[in-house]
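Single chain ahead, by itself, as structure tokens, in the form predicted alone.
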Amino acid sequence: MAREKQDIKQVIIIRKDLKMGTGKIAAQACHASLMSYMEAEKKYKDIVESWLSEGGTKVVVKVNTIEEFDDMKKKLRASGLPFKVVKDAGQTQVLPGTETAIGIGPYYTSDIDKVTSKLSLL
């Protein structure tokens, strides 16, 4: 049975506890967006194509601690949503392998909101 037309978005989660500069945050958000886009496209090509044709809505939110970040990863694994975690190369502001961001989707807004709705905008 086909789903009714639904809103689709991508959500990027940024770790604020790392005290990254504005440019670094922008770069990590871009990595998260591209990585999760590629992940979603593997399994949900029709959803991704709809998202692109409708303007590619993106929302950037934050977590303030590594504990919140780890909790989000746990919830995302349980949810089945397409997502990717960014691990930095460590060439500038953080150590190699530091997890800096998470990209989720694009996927159905209602499903993403079940996991991320309590997070504040960056």
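Start at 1 and count along the sequence shown; that's the residue number. What you see is a predicted model; the values in this text were computed from it and never measured.
Only in words, not in the display: the form predicted together with another copy of the chain, which the text now covers.
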Picking from Ala29, Val63, Leu81, Ile47, the single residue whose non-hydrogen atoms come within 4.5 angstroms of another copy of the chain in the predicted complex is Ala29
Can you tell me whether Gly55 touches another copy of the chain? I mean in the predicted complex, with a 4.5 angstroms heavy atom cut-off.
yes
Taking the shortest heavy atom distance, is Ile25 within 4.5 Å of another copy of the chain in the predicted complex?
yes
My question is simply whether Tyr37 lines the interface with another copy of the chain in the predicted complex - judged by any non-hydrogen atom within 4.5 Å.
yes
Within 4.5 Å of another copy of the chain in the predicted complex, do Ser33, Trp51 and Leu122 each have at least one heavy atom?
yes
